[in-house]
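Consider the single chain below, provided in structure tokens and representing the form predicted on its own.
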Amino acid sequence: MWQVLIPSPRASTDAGGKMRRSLIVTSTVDAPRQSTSPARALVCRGCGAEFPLAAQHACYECFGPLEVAYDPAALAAVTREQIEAGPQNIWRYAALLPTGQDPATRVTLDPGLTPLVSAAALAAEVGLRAPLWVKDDSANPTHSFKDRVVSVALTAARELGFTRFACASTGNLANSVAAHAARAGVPSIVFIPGDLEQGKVITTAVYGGELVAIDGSYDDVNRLCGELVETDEFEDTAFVNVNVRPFYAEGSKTLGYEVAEQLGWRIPAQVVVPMASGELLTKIDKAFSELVEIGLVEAPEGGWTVFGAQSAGCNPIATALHNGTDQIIPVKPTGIAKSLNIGDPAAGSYAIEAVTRTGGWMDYADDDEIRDAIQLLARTTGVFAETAGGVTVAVLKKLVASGKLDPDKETVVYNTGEGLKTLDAVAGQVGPTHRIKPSLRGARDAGLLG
């Protein structure tokens, strides 16, 4: 059975996955669980303590973050043929996810199977000799990878008995939660920083749910949501990145599964992943590990290498790695890459562990480098990325130039969102190349006729 854990109002958590030591569980409510789920428990990433599959995101023993643990035998029974016969979206991997095995229970926009774009021209520009691919998740229903995590989180939330959906967001998550709630006919309330890009505000508000702008940073929004989730008024509300966070995070694994399948059931030698909380990077690495462990793919010779990308305006994870530590010092975010602006990243130390274990590195890009990289990606691949994609491509260039990334190994870079959401980033740099009168003479004078 799934268990809905209702914490005491004395507890205090935040949307970054942290919990204060006053947490006490006061009651549980049983809810039905699909027997075909391969998930067996929630396990602490710190001390290894296990807990029932429930609306809980932090360990009651050491207060570390929780993630979903699976029955190895259930995962090992999954075949390539089973996956390939599945739907053309993330639910083809349902047998590897904690929830959603029964299509009737899903709260979803059916995201996934987004393009894996061959990027030979981009490879030549940045100095790569081996194949380069762009995994373009701007093709999802609300134009970011967040549709993956929200579909999994809200499917779990419905099974856990929640009747309202919510989140703290830097923009893309707000879009996705509001859209999923509208499709499902469930009330939503999302919280955003007050200075969010207008494009992301509009593409959340249009779905008709409650939208709360906070006079503060994303980390301020996080803290408020962590407090709200413990109140009586919000006990029936699923905050996708607070009380159902372990399920939410598992949706990111599908970005690893898809790349392996789209490459003909093999793992690329190198991946470059944008980092906000750091969770996306860790889950792509986890997906690759699972695929190898259950025999669906073989690891590339020498293993795979994971690289992380941040903006210079919010780079606490990369800075820690550069300083030779896994202790994250929170920062006050600045810069144009607002979707990555999490100054106190909950999974930062785990991202560092994944990068160092695989022999990778992290770097960061300033605003001018991000703008240039957005245009470079668009010009060479036809993919218009939001600022997070610009961060990833700019860091790819730096990693090649510094010798950290091997130019002779196949590489995949992840674009997690659509450039139409962050038009202001490049609005001052691109525009008409000619302005002419509506006549042949005007065209000739401008050099358009030779």
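Throughout, we count residues from 1 along the sequence that is shown. Keep in mind it's a predicted model, so treat the numbers as computed, not measured.
Omitted here: the form predicted together with a further copy of the same chain. The next part is about that form.
K.L.:
With the partner removed from view, which of 245 to 253, 338 to 346, 224 to 232, 281 to 289 is the stretch that lies within 4.5 Å of a further copy of the same chain in the predicted bound form, judged by heavy atom distances?
P.N.:
Answer to the contact question: 224 to 232.
K.L.:
Candidate spot A312, T392 and V413, all three in 4.5 Å heavy atom range of a further copy of the same chain in the predicted bound form?
P.N.:
Not a single listed residue reaches a further copy of the same chain in the predicted bound form, so no.
K.L.:
With a cut-off of 4.5 Å between heavy atoms, is Q82 one of the residues that contacts a further copy of the same chain in the predicted bound form?
P.N.:
So Q82 does not count as contacting a further copy of the same chain.
K.L.:
So, G209 and a further copy of the same chain: in the predicted bound form, are they within 4.5 Å at any heavy atom pair?
P.N.:
Judged by the heavy-atom cut-off of 4.5 Å, G209 is in contact with a further copy of the same chain in the predicted bound form.
K.L.:
Report yes if any heavy atom of V383 sits within 4.5 Å of a heavy atom of a further copy of the same chain in the predicted bound form; otherwise report no.
P.N.:
Yes, V383 sits close enough to a further copy of the same chain in the predicted bound form that at least one of its heavy atoms falls within 4.5 Å.
K.L.:
In the predicted bound form, does P333 come within 4.5 Å of a further copy of the same chain, counting heavy atoms only?
P.N.:
Flag for P333 set to no.
K.L.:
F162, Y257, F191, W361: which sits within 4.5 Å of a further copy of the same chain in the predicted bound form by any heavy atom?
P.N.:
Selected residue: F191.
K.L.:
Within 4.5 Å, heavy atoms only, which of L96, I294, A179, I328 is in contact with a further copy of the same chain in the predicted bound form?
P.N.:
Residue within 4.5 Å of the partner: A179.
K.L.:
Of 346 to 380, which residues get within 4.5 Å of a further copy of the same chain in the predicted bound form if you count heavy atoms?
P.N.:
Contacts from 346 to 380: I374, Q375, A378, R379, T380.
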